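There is one chain below, alone, in structure tokens, taken in the form predicted on its own.
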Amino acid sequence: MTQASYSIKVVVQQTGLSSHVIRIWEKRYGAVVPLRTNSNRRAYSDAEIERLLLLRDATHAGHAIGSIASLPNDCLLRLIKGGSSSTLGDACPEEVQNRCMVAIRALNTRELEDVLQLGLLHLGQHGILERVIGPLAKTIGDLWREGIITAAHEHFASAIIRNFLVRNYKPFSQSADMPTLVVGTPAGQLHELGAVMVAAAANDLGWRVIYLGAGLPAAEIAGAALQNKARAVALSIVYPTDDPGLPEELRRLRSHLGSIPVIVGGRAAVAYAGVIEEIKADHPATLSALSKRLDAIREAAERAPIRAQGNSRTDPQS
């Protein structure tokens, strides 16, 4: 059975949306992906019309299209029905992200804290970190760079999320055999949300985390790692993407650390891919990949106790 298809003129009549809005939602946000006829005209299905109706109603309810365009239909239905932040029911991670963005746009501290806390209850520590806060941080950065939200929104969100992570991701009971991870951002990198997320993820995996904060010189990061016999150092690089001094900082860090593994993440890290490869550092693209790398480092450490680190010239990936 073939699926019915409709011209954009028919979709305009059925949804009440203008053709301009429909095209913007398609091109900019990927809200729908219509087929093309032989004459290259758009052909919409019943399912796409249904989705456009849901998106229309959700935007009329006050939700920004950029925050909801990727939500599944069941999440859109819950938004339209006006589910409050006091209950998330069987909320999907995308819905939690959307409610967080609504609170961020409104600079509503209480709302953002409440939604994060409820998301934690429903998704657990690992779930909210990987499935909500990680994608949310990327969305916030993208919207800020595009000028859709202001620097005030970005700083507000970072501060609230940082406090939430610090409050809820307390280290487990420390023991002498727990591996140590030093976390921070290198000199010139003052955005620390990514580093806090790494610290929270490592805590969740049973690492002893020494969190150094933002903007430290290579010598100080290395000193903390060597003094505490760290198994690895994790850095977050978020902004800017063109710091001329950062490559040399990373080279100095490698020189000081010797064989200690270095992990470099953050949305700006790809801009420094050359030097990251040069110093043989890891560059996990997601929190899930970070977790796997930390597990691998821990397993390797359990097989081979720390020997001469510091200025050792052995392979840093070992």
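Residue positions are given as counts along the sequence shown, with the first one as 1. Every value quoted in this text rests on a predicted model; they were computed, and no experiment measured them. The term rigid core refers to the most C-alpha atoms you can superpose between the two forms while keeping them within 1.5 Å.
Absent from the display: the form predicted in complex with the DNA. The rest refers to it.
Contact with the DNA in the model of the complex, defined as a heavy atom within 4.5 Å, is made by all three of Ser18, Asn40 and Gly66.
Here the chain stands alone, but in the model of the complex its contact with the DNA, taken as any heavy atom within 4.5 Å, falls in 22 to 30 among 285 to 293, 22 to 30, 46 to 54, 254 to 262. Mapping the unseen interface onto this chain, Lys9 counts among the residues with a heavy atom inside 4.5 Å of the DNA in the model of the complex. Although the DNA is not shown here, in the model of the complex the stretch 101 to 119 places no heavy atom of any residue within 4.5 Å of it.
Arg42: CA moves 2 Å or more between the shown form and the other one after rigid-core fitting. After superposition on the rigid core, displacement of the C-alpha of Glu26 between the shown form and the other one amounts to 2 Å or more.
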